[in-house]
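Next up: just one chain, as structure tokens, the form predicted on its own.
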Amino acid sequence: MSDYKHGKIIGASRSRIDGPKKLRGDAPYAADHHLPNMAHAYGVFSTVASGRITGIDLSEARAMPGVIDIFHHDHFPSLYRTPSTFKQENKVDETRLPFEDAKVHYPGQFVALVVADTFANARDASYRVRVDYEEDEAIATLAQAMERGEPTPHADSGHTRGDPDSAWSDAPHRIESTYVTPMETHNPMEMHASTAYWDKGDLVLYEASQGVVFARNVMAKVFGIPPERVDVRSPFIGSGFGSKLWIWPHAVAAAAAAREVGRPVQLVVPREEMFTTTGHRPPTHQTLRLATDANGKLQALSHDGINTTSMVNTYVEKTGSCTKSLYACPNLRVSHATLPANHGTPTSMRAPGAAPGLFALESAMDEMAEAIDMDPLEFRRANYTETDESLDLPFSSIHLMEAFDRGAEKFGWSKRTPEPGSMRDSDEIIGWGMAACNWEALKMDCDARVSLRADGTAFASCATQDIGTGTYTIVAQAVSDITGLPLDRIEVELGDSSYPSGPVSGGSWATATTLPAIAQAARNAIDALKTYATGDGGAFSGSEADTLTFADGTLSDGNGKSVDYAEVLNQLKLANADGEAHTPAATNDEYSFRSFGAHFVEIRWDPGISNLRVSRVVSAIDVGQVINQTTAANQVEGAIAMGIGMALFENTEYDSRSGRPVNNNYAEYLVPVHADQPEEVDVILLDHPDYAFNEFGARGIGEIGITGLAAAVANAVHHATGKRIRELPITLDKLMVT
């Protein structure tokens, strides 16, 4: 914990400093880079889900205008795999390299790549590549995978305490339910794209990436060159929701093709193939058993989850990650298992594990409350804990009870009548539901650089990214907080692996990780300035550096002399005073770091016209110090919209016969639009700094807003209709069946 007192800029509402660039169209995204002599690549994607390529006919494609080369498994450079010890969620092409062999593991897999002089020519030629397959029977759904194989358990991701099975059997009140969530696909506005070129053996890659340092290190391994010879740039990203955290086949293919043809190559993944080859949230099957004593205290809780993974890599959706610690319970088991299916490898999607896991847990908590005739909110209060029982550590900061209180008061929960269907407004039946939300708090290693420049401005850089969450702005706020400079005199550059090493933009750890490093770098820059000022020819020559103070861009000696820092630098003909810093990952055996909150949801159901809508949401969120009220609230509001999509709309569907996706487009993969948004959304940010976690007291906010939201909607639907929907999404057919 730091004793530094942060100023008013921390916690203020500030507009995004990168907003004007985006509004003017000046913000360059990965596919906006049009390099001299640049070629374009377009993929040929497998039309079968499982099998083997038996032949590729390129004759018609090669005759098309502008074609430069066509790559496939018999014509592709030899590359290297990343070692199994390399820390990453998904290795390149799910531990395989693109075009490594003739085997097909999922529909939409890259089977060829056409490089041509224009995008249109590359695409037209790709349609004329003829691929023959020997097709095998595919496993297309989680249900098929469960029928055909035994799940592989992953004990290292589970947790057990006490004897949950015996305690469940012996308890006076108990329930057992199964919850199913579908495959969901990230659909960021910006499609995955790579623009690659080689300069004397050095690779430069403009990539839609949530982790430029990670991407640099992977590409260095794949091409067998030092990381210093790879520069990955991603200054602006049209969001990613987790799909852009890791390297996918297209990035490797673009870079390899660029080296082979000797000119820059750009490759954009078509929207329909973003459903197949750039990750997804896997479908889950979760069985929960809850038991209480006569007073409503949890005595046993077990949460056993299964998800599909790919045929060539294992991804575990840790659905019980919140269950093990959110409530007090002496007898508890969390387990995770996987089954292979013919899909591309799943990956992180906003609040991985927690989003589907809390749908199940918070739905089961509602069912348990109903079984013991207890108000759902009071049942959660009765099982509140200030200790992470999975670690036997106290939470560093927890204000869940306040979130319950303030959310319930704002929502009007006390007016809820418990009987299903008992609340009406004209033709509409009103349902009220609630759920807790939860997410881990993490802090990683980070480096940063801050410069005080002779023109009176400051410059900050870090190789983290802004994926649309406001990172540029809060970095500038951190510099302003230390230096006193206004935001319009602070320039921030992010998203380039050549900058000081920064974290991936995922897991809600970018803020907690980046700001302490930025702040320390700014202090180090001020220390460098003081050293210059007190040296020969300096404005305070002969004084001791530690006697000077710095505030609002001015150095003072305490004796009435004050000099603007730009004047100090110009007097010495110095361009800047630089500060660099490294701050380590959070390591602590005293506390458990997590964030908390509660959602209260109103739905309206008109059975006469079968119309279901979410009409009102109140979310009270405890994420420590809020750095920027505007961008923080926006993060929660976006998560609420995404949670409504999870609850009512999203489902990537596969043909169980062929194994192919059937709605891999924006027309048939449904997401909530403006008309689906609630009339009222209230976000309450509790704003209690957690100084045990970092000097700013800030934990992450990007993930937590979606957790529990789908359960709150499902619980509200049950309150309105009496139907307990345990399989997402909650579609009208599930409500119309008697």
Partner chain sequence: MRNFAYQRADSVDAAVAAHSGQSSSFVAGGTTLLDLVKLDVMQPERIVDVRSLPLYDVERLDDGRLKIGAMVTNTDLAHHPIVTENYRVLSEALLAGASTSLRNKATTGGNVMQRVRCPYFRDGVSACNKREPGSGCAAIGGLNRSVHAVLGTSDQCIASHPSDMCVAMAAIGATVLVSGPNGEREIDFLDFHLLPGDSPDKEHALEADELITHVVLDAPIEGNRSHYLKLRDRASYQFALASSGVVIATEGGTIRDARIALGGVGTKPWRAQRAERSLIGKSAEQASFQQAAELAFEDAKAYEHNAFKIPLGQQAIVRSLTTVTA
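Positions refer to the first chain, counted from 1. All values reported here derive from a predicted model rather than from experimental measurement.
The same protein has a further form, the form predicted in complex with its partner chain, not shown here; the description that follows concerns it.
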{"property": "Residue 178 within 4.5 Å of its partner chain in the model of the complex, heavy atoms", "result": "no"}
{"property": "Proximity of residue 608 to its partner chain in the model of the complex, heavy atoms at 4.5 Å", "result": "yes"}
{"property": "Contact flag, residue 402 vs its partner chain in the model of the complex, heavy atom cut 4.5 Å", "result": "no"}
{"property": "Partner proximity in the model of the complex: residue 127 to its partner chain, non-hydrogen atom cutoff 4.5 Å", "result": "yes"}
{"property": "Segment that reaches its partner chain in the model of the complex - one of 25 to 33, 668 to 676, 50 to 58, 688 to 696, heavy atoms within 4.5 Å", "result": "668 to 676"}
{"property": "Answer option from 578, 493, 527, 653, heavy atom within 4.5 Å of its partner chain in the model of the complex", "result": "653"}
{"property": "Answer option from 657, 582, 415, 148, heavy atom within 4.5 Å of its partner chain in the model of the complex", "result": "657"}
{"property": "Partner contacts for 270 to 300, taking its partner chain in the model of the complex and a 4.5 Å heavy atom cut-off", "result": "272"}
